[in-house]
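Take a look at this single chain, the form predicted alone, given in structure tokens.
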Amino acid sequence: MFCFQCEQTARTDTGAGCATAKGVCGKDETTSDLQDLLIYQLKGIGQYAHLLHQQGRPDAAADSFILYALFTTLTNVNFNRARFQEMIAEAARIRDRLQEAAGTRLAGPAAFQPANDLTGLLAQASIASVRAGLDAAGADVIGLRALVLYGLKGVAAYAHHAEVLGQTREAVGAGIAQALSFLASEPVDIEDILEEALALGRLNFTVMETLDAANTGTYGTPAPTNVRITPVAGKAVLVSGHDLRDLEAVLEATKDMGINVYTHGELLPAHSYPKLHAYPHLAGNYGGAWQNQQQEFAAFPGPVVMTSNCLIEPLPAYRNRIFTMGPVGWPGIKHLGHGDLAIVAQAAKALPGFAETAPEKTITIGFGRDAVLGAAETVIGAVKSGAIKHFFLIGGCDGAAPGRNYYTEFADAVPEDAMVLTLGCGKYRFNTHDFGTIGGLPRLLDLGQCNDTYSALVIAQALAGAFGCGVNELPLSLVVSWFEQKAAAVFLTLLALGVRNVRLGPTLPGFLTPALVDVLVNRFGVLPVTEAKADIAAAMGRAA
């Protein structure tokens, strides 16, 4: 195996990448190799799907499979080798169907025939390695191809979230198929690959707009909401991951049973959606970001439901009471569909729940674009009066690697005449701190999930319009923590929209060579993070 798709990848003096029997994320070599083969097949499906889209004959079922299958390959999503074997077989059937529909045979990944057994599949794995062709193409080309692939995975994940809520767009399926077909051609021209990366960033903006419409159209417009972060006495279920539809299904399966449902990780923003907030047994949020789940799940006195992504190997302390849904999977862990959730309610009733109610503590969330733009006159007035000198968007994924205290230090060091906006699970490093108010508004505004990046971009564009300037002329700095492939998709969107001076950290992706880093720095103004106070001073044009 070889993998360097996420921030936690193993790093040595000779380079970055997990190339051992088990990756840092917990994925074993067999599962990783099967994952690579599936991606190789998806490139082949993409070749035919792209052709059919060009002919005006898209295959919606194939487009949907591509989204789901790509999602399963994200970091901390699916670790179940049996499921990958099933998808490899399914991918071959879909490819054959598209080939027949296209009426032609294509070369490259489109012609790949997977073996019929595990031994045979593993013998084929080298053809699908992310570093295949390294000697001929060079590290810069391989790294930039990886950026496109990992960004594509993030785009597919966002599109899948929208699709399960009924929002699809043919342009999205066409764009993803085109990107897969492009990768299948094994491109070697740096400028061509870079342009494909930017096209993918533009596509992701459309995907995030679609997801926003899916979320708000289904659950209402997020509104500022106080969320309890301490437990109340009673039976309890914990729901983690990202997927709002799966959370709703758990709420439906447990309503009127005396069972309290708590969110975890990136499901915290669910409380700000009116339809979800209306469930009286949505009791609060428990715990913090994904990397703390082993300790937090072990301490939780009820069943745990893991949706969509951010799974870590379940410990024995809770292995018999954790369930997965959607793309997520782990060997030996019960996987549920929406019709299977009675087992979760039964488990909650059988487990002790919280014995007593803890003193109430709350945090405020739900400052999506409608809430912020609804107060636009106040915000603009505060900027013009000098009450607000700067905005810092401190957003992105959290993680366990060293260096992430930077984001806590950064948030705490932001001057009192500046506001802090946040989204993604990185906010857990400081969202219980008291930032006070500024210009009649809370200084800390939680915009939501990483999935809600669209909201942040709309806010920035609206403020730029109000001040008659470009986004890059606003007193706004983006300080982004990346971890996995959704973050790569958002990063490409920022580059595609021309947003400059994005501070990226805590470490740069292992697949970016020094030459590629130079391109990002010199052409797009990307700024690797340094020291928190120095970066704040540089952003505000002040002495540190």
Partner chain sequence: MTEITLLTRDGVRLNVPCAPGQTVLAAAAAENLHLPAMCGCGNCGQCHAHVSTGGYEMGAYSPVALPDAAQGGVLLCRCMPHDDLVVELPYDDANISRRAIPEREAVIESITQAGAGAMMLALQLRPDETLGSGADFIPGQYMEFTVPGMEIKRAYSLANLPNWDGRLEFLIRLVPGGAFSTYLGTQATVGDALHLRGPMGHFKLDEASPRPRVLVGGGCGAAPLVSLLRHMAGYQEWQPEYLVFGVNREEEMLPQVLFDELRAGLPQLRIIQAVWHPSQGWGGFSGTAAEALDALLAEGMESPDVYLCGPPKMLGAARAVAGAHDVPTERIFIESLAG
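Note that the coordinates shown come from a computational prediction; the quantities given were computed from them, not determined experimentally. Residue numbers count along the first chain shown, from 1.
A second form of this protein, the form predicted in complex with its partner chain, is not displayed here; the remarks below concern that form.
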One residue of 381, 133, 331, 274 in contact with its partner chain, assessed in the predicted complex (non-hydrogen atom, 4.5 angstroms): 331
Ok, 468, 352, 436, 386: which has a heavy atom sitting within 4.5 Å of its partner chain in the predicted complex? 352
Applying a 4.5 Å heavy atom distance criterion, does residue 30 contact its partner chain in the predicted complex? yes
Considering non-hydrogen atoms and a 4.5 Å limit, does its partner chain approach residue 124 in the predicted complex? no
With the cut-off set at 4.5 Å between non-hydrogen atoms, does residue 463 touch its partner chain in the predicted complex? no
Contact flag, residue 129 vs its partner chain in the predicted complex, heavy atom cut 4.5 Å: no
Based on heavy atom distances of at most 4.5 Å to its partner chain in the predicted complex, which listed stretch, 150 to 158, 237 to 245, 317 to 325, 163 to 171, is the contact stretch? 317 to 325
Which residues within 98 to 130 place at least one heavy atom within 4.5 Å of its partner chain in the predicted complex? 118, 119
